[in-house]
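In structure tokens, the next block holds one chain alone, the form predicted alone.
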Amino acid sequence: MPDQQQLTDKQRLTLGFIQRYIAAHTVPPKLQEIAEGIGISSRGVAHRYVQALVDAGFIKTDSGKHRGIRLLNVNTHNNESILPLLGKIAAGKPIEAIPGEDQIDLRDFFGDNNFAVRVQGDSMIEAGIMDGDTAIIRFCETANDGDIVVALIDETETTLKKFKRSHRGRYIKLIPANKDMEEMVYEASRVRIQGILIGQIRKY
């Protein structure tokens, strides 16, 4: 696992801003937003900090995407039993993701690319996922038909649903596990996978 001690103060500041921005918005920041977020005016300097984080193994970048930064280590806490609680997620109609400041002790689900979200709504109750459950998600950007995924819609809204491709991949179906609710269908370009459900916690 990369060691933050190898980073300069500005590089750590940049990494922290990227992590907080993704937690709050579910999408990565642009270079201009990074520059403003760490209190500098130069996008070029911000780009150098980002490239240093790439070289150190904390993030990767895709120059072909508008927001092309990806965290390689979602869990950056020293305590290996802690997962970051990144916010709440809709299990009904899509809602804007809400940033969280909490952590969850979750030894069995620890992993560098795992994170937690709190479920809201009852659209997944027939899959045993109830309102108020904590869903454990493995960060990834692809899914197979039948996977329960965190899906980002139009770069603004997230939801937890069963994933299915249709019309030879031109469309994505996000299917609730509740017979009283209808599936949602979007053009594939409107949907980006944020992760796959690997477990859940329920507190009584």
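All of these numbers come straight from a predicted model, not from anything done at the bench. We call the rigid core whatever largest set of C-alpha positions still superposes within 1.5 Å between the two forms. Residue numbers run from 1 along the displayed sequence.
Heads up, the form predicted together with the DNA isn't pictured, but that's what we're talking about next.
Taking 44, 146, 169, 57 one by one, only a single residue has any non-hydrogen atom within 4.5 Å of the DNA in the model of the complex, and it is 44.
With the partner removed from view, the residue among 138, 173, 48, 70 that has a non-hydrogen atom within 4.5 Å of the DNA in the model of the complex turns out to be 48. Not displayed here, the DNA is approached by residue 10 to within 4.5 Å at the level of heavy atoms in the model of the complex. Using a 4.5 angstroms limit between non-hydrogen atoms, residue 40 touches the DNA in the model of the complex. Not displayed here, the DNA is approached by residue 30 to within 4.5 Å at the level of heavy atoms in the model of the complex. Residues of 163-179 are not found to place any heavy atom within 4.5 Å of the DNA in the model of the complex. Annotation for residue 51: C-alpha shift of 2 angstroms or more between this form and the one not shown, rigid core superposed. Residue 39 shows a C-alpha shift of 2 Å or greater between this form and the one not shown [criterion: core-superposed Cα displacement of 2 Å]. Residue 165: CA moves less than 2 Å between this form and the one not shown after rigid-core fitting.
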